[in-house]
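One chain comes next, on its own, written as structure tokens: the form predicted alone.
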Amino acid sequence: MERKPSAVLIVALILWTFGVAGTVILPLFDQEINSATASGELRNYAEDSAEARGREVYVQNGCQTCHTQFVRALPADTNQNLGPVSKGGDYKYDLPHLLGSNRTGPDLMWVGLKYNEDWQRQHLIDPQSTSPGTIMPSFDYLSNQELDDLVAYLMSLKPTQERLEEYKNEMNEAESMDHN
């Protein structure tokens, strides 16, 4: 059987075109990905709000280098009680995306549920006082305004009450199945 280089090239080009269409173009038409969830709407911060400014402080200080904001549907995440699994619509207004890829520190997708404002502020100023043994650096060099804004941003990272109730129900069902 004789192979023609032009035929192989044409087949490769056709396969590449289908690959691009499937991974880049088709998702643009997926409404679930392109519509904000109710929790995603909570992250649509008003311009110059404390949360929006705090997000800028978060980005400027490279917090996303050590922290993800993405709860996966994997036992590694669900067993840690990180909160509801992230959905595409949670990130509708999250630009630039802060998903992160390296978890040196804990995931912060729903960190606003876990601690109060005082704890967040103290943790940023003196991480050892709230989390002994942590390798998180101190951010005591931030101004009071920057700390207030960053705390406001961190406290805003939480799901809607309805989504939280769904998550709790799912966890209760999973726990009852484990006991059966």
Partner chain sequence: MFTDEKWSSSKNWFIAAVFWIIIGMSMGLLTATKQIWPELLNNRWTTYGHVRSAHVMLVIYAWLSMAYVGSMFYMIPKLSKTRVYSEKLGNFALVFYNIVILEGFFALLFSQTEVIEYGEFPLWVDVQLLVAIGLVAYNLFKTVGRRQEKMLYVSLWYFLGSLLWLPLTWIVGNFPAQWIPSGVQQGLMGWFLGHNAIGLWMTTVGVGQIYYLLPKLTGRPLYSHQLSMIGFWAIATFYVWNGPHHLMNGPIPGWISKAGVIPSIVLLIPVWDVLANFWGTMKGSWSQTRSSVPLRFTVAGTIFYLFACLQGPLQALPSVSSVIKFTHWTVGHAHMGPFGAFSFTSFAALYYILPKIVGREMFSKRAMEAHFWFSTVGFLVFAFSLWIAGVVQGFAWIEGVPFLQTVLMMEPYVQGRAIGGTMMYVAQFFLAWNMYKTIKLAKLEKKQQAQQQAATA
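C-alpha atoms forming the largest set that superposes within 1.5 Å between two forms make up the rigid core. None of these values were measured; they are calculated from a predicted model. Residue numbers count along the first chain shown, from 1.
Separately, the form predicted in complex with the partner chain exists; it is not shown, and the next lines address it.
This chain appears without its partner; in the predicted bound form, the one residue of Ala38, Ala52, Cys66, Leu113 with a heavy atom within 4.5 Å of the partner chain is Cys66.
For the chain shown alone, Asn61 is a contact residue for the partner chain in the predicted bound form, at least one non-hydrogen atom being within 4.5 angstroms. In the predicted bound form, no heavy atom of Asp149 sits within 4.5 Å of the partner chain.
Proximity of Asn169 to the partner chain in the predicted bound form falls outside the 4.5 Å heavy atom cutoff. At least one heavy atom of Thr23 is located within 4.5 Å of the partner chain in the predicted bound form. Contacts between stretch 111-135 and the partner chain, counted in the predicted bound form as any heavy atom lying within 4.5 Å, involve Ser131, Pro132, Gly133, Thr134, Ile135, listed in sequence order. Superposed on the core, the two forms barely differ at Ile135: its CA moves less than 2 Å between the shown form and the other one.
After superposition on the rigid core, the Cα of Gln161 moves by less than 2 Å between the shown form and the other one.
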